[in-house]
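Take a look at this one chain, the form predicted on its own, written out in structure tokens.
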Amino acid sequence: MDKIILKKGRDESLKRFHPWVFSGAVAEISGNPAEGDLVGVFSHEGEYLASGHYQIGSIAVRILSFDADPSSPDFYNVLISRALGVRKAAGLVDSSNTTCYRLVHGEGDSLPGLIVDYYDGVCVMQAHSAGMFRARKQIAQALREVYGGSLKAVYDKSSSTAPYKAGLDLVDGYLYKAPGFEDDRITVLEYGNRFNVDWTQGQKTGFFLDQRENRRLVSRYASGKEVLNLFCYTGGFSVYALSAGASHVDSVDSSAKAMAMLEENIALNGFDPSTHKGYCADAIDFLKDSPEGKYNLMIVDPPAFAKHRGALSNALRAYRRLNAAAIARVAPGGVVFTFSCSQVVDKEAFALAVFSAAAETGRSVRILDRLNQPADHAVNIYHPEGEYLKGLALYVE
């Protein structure tokens, strides 16, 4: 194993169990590691600190272990078993009304660079690092051993997430299929609501599992309401609102594929077609063209406006404009659920953008709830950067 030797005094974050080594902290590389290789990390004084995957970029090493040997045959089995234990503790495994959850959430499960989502027996993985991509067959085998005969398939969908410059063969496909399993989609339950999930054609792994608890919270406010669901994707919030008795839901997304899946999900749950209408359109333009007071419940869940620090200022301006438009148009006494999934936008910055938006409208606004990601999108206490989803439920007079 090649060695990464840190500059003097740059080992404090590792001693506090932060799982990243930044390139600026590296004094010397002993050996010639390729991207994705396992390396040992040592202090300037020669003390062993941790082991992880080497990579080229601002993050030089993603830490896998501070003590165990990541090259041991049972390494992934142990960590995936622990991750499953967390989901069991959260009541998501063997549930009668929920058959999908995130099994592995990167640093939150001590597997930085790896995402695994579980859809009723199908595991869909995405590697965000060369090291995890190179370990994908070991990960698939570990999933088979952890789930046993209940596992239907393991699908690797890393072509859009793994670093393409690392010389990797980025072709999506099955790493495992149980005999007789031939589907590329599956129907799952989430708190009793039914959704079709297409992991080959859908965004991310096929469904946005991180909004599960926020969708459930929307149900509390939806009965009898006129609802607008912006950036709706395949209609998660729309289905929950209709299930809770919304009088009508308008769903808006610019993706024709997503809108087709949304219509499937509306039909799958048996709703009266007259209570829902989908619009394949730009969500921001649709909102700006909508009449004031038509909707008394709005969900504003845009894609990430900033994926790196350099885009932060533009993202905050975009959040302010979007939320000002929503707050200005919601009916008096209405509720706006607004979100940001941009990791570089922290809770305080997002709240300030929404505050500025509210002030711009001149309306009286109260915070009903502060929203975040669910337990299966675990946050390592030593890695606060893993807390990426934030939101506010607002009451607008």
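Because the structure is predicted, anything quoted here is derived from the model rather than measured. Residue numbers here begin at 1 and follow the sequence given.
Keep in mind that the form predicted in complex with a small molecule is not shown, yet the notes after this line are about it.
Looking at residue 323, you'd find every heavy atom of it more than 4.5 angstroms from the small molecule in the predicted complex. In the predicted complex, the small molecule sits within 4.5 Å of a heavy atom of residue 232. For residue 255, a non-hydrogen atom is located within 4.5 Å of the small molecule in the predicted complex, even though that partner is not displayed.
At least one heavy atom of residue 203 is located within 4.5 Å of the small molecule in the predicted complex. No residue of the trio 78, 152 and 174 has any heavy atom within 4.5 Å of the small molecule in the predicted complex.
Picking from 154-162, 282-290, 117-125, 265-273 the stretch near the small molecule in the predicted complex, with a 4.5 Å limit on heavy atoms, gives 282-290. Checking 105, 215, 225, 134 against the small molecule in the predicted complex, a heavy atom within 4.5 Å turns up for just one residue: 215. Here is the short version: of 221, 208, 101, 199, the single residue with a heavy atom within 4.5 Å of the small molecule in the predicted complex is 208.
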